[in-house]
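Quick setup: one chain, the form predicted on its own, written in structure tokens, and binding and motion questions come after.
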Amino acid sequence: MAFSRSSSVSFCTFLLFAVFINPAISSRISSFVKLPVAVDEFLLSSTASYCESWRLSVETNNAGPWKVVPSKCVRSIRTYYNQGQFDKDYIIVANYALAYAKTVKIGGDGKDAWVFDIDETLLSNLEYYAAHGYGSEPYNSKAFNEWVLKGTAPGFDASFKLFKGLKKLGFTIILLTGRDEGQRAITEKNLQDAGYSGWEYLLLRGEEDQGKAAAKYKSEQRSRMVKKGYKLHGNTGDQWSDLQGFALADRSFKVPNPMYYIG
């Protein structure tokens, strides 16, 4: 049976009237009719998604050299650190590193070595960066050096576990940092206060190393260790420049750090 145009209009009018006066019908329809998302909620979701993708690009070195955290991602980075995801990520890295270390046959001559960076690898400068926009402000060497000289940077639970585990396995620990030689005493004290001890070398920038790119400086320092007869089985650092270059370790383990980039 065919409906006339007037019948169709009348039926639609009846349906709309029924929806408005009958809560049961209205409820059923609203359960599958999706209203537009509020603009602010959409922007928040879009920004959060972008910042997660940005952080992945940074960690995988796909972003290349970058200067500061995008201002719209400060909230995301703050959440990443303060709500525990960074700690979980670091624990996973440390667990993989320790699992690999257990497969290495230690020669017993003291020449089986593991290299550690210090800042954001053994010691956390989060308190400093939290006060400076979580990496969204340009690097200020004077302010950061003043922070270093306080000697109050805490250690990471994950790095402390890895550090102790490697020592127990018989690895010689080499600390290789971009800090200056003039900061040796405060760096040693800070490390000891944070619970670290028993490293064989603490390598810092001397006068001849000033101005060198981090990858070049650290490569040269590793090369000197190799010439001394050390076998570099592992290397842990928060920057790609800690891990790249020459005289590389057999395995490198990148610690998350979306707050700053050092080339």
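Model, not experiment: these values are computed from the prediction. For every residue, the number given is its place in the sequence shown, counted from 1.
Unshown form predicted together with a further copy of the same chain; subsequent notes refer to it.
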Margin query: Since only the chain is shown here, I'm wondering whether residue 198 would be in contact with a further copy of the same chain in the predicted complex (any heavy atom pair within 4.5 Å).
Written below: no
Worksheet entry | Touches a further copy of the same chain in the predicted complex: residue 65 (any heavy atom, 4.5 Å) | yes
At the 4.5 Å heavy atom threshold, is residue 49 in contact with a further copy of the same chain in the predicted complex? yes
| query | Using heavy atoms and a 4.5 Å limit, would one call residue 55 a contact residue for a further copy of the same chain in the predicted complex? | reply | yes
If we test each of 193, 146, 127, 89 for a heavy atom within 4.5 Å of a further copy of the same chain in the predicted complex, the one that passes is 89
Per contact check vs a further copy of the same chain in the predicted complex (non-hydrogen atom within 4.5 angstroms), the hit among 89 to 97, 128 to 136, 164 to 172, 147 to 155 is 89 to 97
- Query: Quick one: in the predicted complex, does every one of 217, 260 and 263 get a heavy atom within 4.5 Å of a further copy of the same chain?
  - Reply: no
Checked 245 to 263 against a further copy of the same chain in the predicted complex; residues with a heavy atom within 4.5 Å, sequence order, are 251, 252, 253, 254, 256
